[in-house]
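The chain below stands alone, shown as structure tokens; this is the form predicted alone.
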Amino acid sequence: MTANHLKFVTSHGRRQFLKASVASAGGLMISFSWLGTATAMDESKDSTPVKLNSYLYVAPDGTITAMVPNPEFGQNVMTSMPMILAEEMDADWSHIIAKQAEYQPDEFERQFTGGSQSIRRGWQSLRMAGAGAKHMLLMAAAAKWQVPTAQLTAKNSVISHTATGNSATFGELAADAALMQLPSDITLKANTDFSLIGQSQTNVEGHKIVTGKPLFGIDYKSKDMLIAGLVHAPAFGKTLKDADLASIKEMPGITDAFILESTTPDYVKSYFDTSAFTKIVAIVGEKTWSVIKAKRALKAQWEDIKTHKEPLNRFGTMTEITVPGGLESTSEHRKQMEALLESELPILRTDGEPDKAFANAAKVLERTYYAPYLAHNTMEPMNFYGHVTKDGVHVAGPLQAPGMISPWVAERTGFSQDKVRIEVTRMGGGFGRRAYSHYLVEAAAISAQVNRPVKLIYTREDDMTNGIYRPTYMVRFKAGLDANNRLIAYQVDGVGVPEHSIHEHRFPAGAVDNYLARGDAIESNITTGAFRAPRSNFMGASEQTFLDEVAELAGADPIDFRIALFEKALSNPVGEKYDYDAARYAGVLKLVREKSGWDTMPASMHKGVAAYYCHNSYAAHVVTTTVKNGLPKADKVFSALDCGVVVNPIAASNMVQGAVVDGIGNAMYGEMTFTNGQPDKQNFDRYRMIRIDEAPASIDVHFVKSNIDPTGLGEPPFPPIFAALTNALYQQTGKRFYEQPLIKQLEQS
């Protein structure tokens, strides 16, 4: 593979991308943008920082500090992003120091962790920054030794000239390098020339985590800080009417209690400004336990909300949503979804003549699948530090999307966004929940009210009863086979509260001559949102479980059956578009077949397979099951992933293993239900989570070797593990599974 040549020119000029300046310590500071242009700047001429998106700092002692713009919650960007930078720079990895960046919209673009996009979106720019830094160091050495840069080499943070024997460290050249002007184009390494990327590196924060260093938002402290707690309505569909605040203020350790409204009447929410309860009681005290006792003692009156409409800024497009009044229940939602499935749903895609094909089919299989709401239940409960002064707002804590919440906190506190400082801490779990950072706004609003710094802490009950939940879904599949057991017709109808789960252009679209996809949703006042691989987590589970049953009806091996469909999409695709690469899709199935020994497993072994595409990547799993304490459980898992170039294999494997355990736990036990608007489960005494001894005995992860630029990894392994498990359980129990959580049917069998 040839090297990549990159030209640092845009309509804004090279200075708008990359700036080098001599820092006060005499080192080289390089800031770089995700946008794609670069330059170096002489400190003596202009010391004003350029508004860019990330930066390098090369100290005289050779230490290289790399700022990481994307929030970290375990996906290991704190290690992987600096690895990309160090690779192109030819830096000594032991010299790299990673540092989490604050939210700085003038310097960083897309400081958002979600959608499995961090590495994918940062890949090219991080490489450009590293290559640009190395080139400036090479030019500094060339000028110092009066030799052409082409004769110089960089390796392990040292520039060398073989002919003269000269060498110098990056740190020794840093100050001179700051005076160099970058050329208009820089050559990036060929992917085949990587020496650091693709080599496993341990988590740069691992030691701090296991030794209990204060990395997480819950650890944050400041002088004169108070503790804050909230009391919200006990049910969705209700709001605060009044509360006995006087008696709460008299309790020991309590400094204040008041009614708080987190939004102002004219504020137009954005997509991630979701908040279940915007009128609440805030209680502030000296210690956490004092606040918890006051919350429990509060006497409040609640009233029903009325059906109303709210404007919503959906990523720049103005829309209007309906928030229905009334107290909703899971049982009623299920009836509504069942009824909606029987109606004429809006058509999302049609290929061929599905009705005619089904009428002529030799065999027809129809199945309906259901999944409940799920709570995220991150290990670290929601929390945030807030300090509002006359000069501005300082907030600090765990969140996935600081840029998404910044307008709301600015509007609520009355400051412009440039007066809002958001300090990003490590998250103790996120997976979508911390993209909805209303708790940050609440912390800031409480601080403004009491004129003191506060740390708002949600209890587990607060978090579990305050949203944001994975929606509840129902989908019906229909497949028609001809006399030769070929799939000739396929229909998928999806409904849900408050969204459906259909991706109409995904597999098997493009692989079936007659195809119909339809979908619709039911409005709700229960707040939902992104949950690891949104929508895909349910569709991967249901679609791949259904296809296993279709393969059985066709008398085909489930892997062979799927691969035949991919070959159809490759050789004779149906329709104008489909959203997957059929060769890569088939590739992960072939790899997992090989690594699991699928074809040579004894007939007595209970095994299941599933594969799914989402977030630009492909994942397949094979699960085998055994029996523990009288119930079936996942025993061994074999995983195959195609996510392009794998930056840090050990971290990537860890992410897949985490997705496998998380998926098995949610499939087996995950369920949130509601009765008259009230969550039926408010803590772990009722909301069942997977336990250590219920995790698979082994999870064997393999990656397709690829030179394709990195794609997503945090979410793609999650959806298919549900179905691989259910398909294996069918082999063991003889029963098909159409509902989650699986434990209900297993305990009844």
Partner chain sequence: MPTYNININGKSHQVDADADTPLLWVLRDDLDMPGTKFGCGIAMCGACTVHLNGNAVRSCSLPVSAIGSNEVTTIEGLSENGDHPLQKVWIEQDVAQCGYCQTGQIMNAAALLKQNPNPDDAAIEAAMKGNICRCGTYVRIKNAIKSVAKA
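Keep in mind that what you see is a predicted model, and the values were worked out from it rather than measured. Positions refer to the first chain, counted from 1.
Omitted here: the form predicted in complex with the partner chain. The next part is about that form.
Stretch-level contact analysis of 160 to 168, 545 to 553, 229 to 237, 286 to 294 against the partner chain in the model of the complex, using heavy atoms and a 4.5 Å limit, identifies 286 to 294. By the criterion of a heavy atom within 4.5 Å, T202 is counted among the residues contacting the partner chain in the model of the complex. A residue is said to contact a partner when one of its heavy atoms sits within 4.5 Å of a partner heavy atom; G712 fails this definition for the partner chain in the model of the complex, lying far away. When contacts are judged by a 4.5 Å heavy atom cut-off, I699 counts as touching the partner chain in the model of the complex. Using a 4.5 angstroms limit between non-hydrogen atoms, T211 touches the partner chain in the model of the complex. For the candidate set R506, H135, H376, R127, a heavy atom within 4.5 Å of the partner chain in the model of the complex is found for exactly one residue, namely H376. For the options M689, V704, I708, A59, the one in contact with the partner chain in the model of the complex, meaning a heavy atom within 4.5 Å, is M689. Contacts with the partner chain in the model of the complex, taken as any heavy atom within 4.5 Å, map within 68 to 93 to F73, G74.
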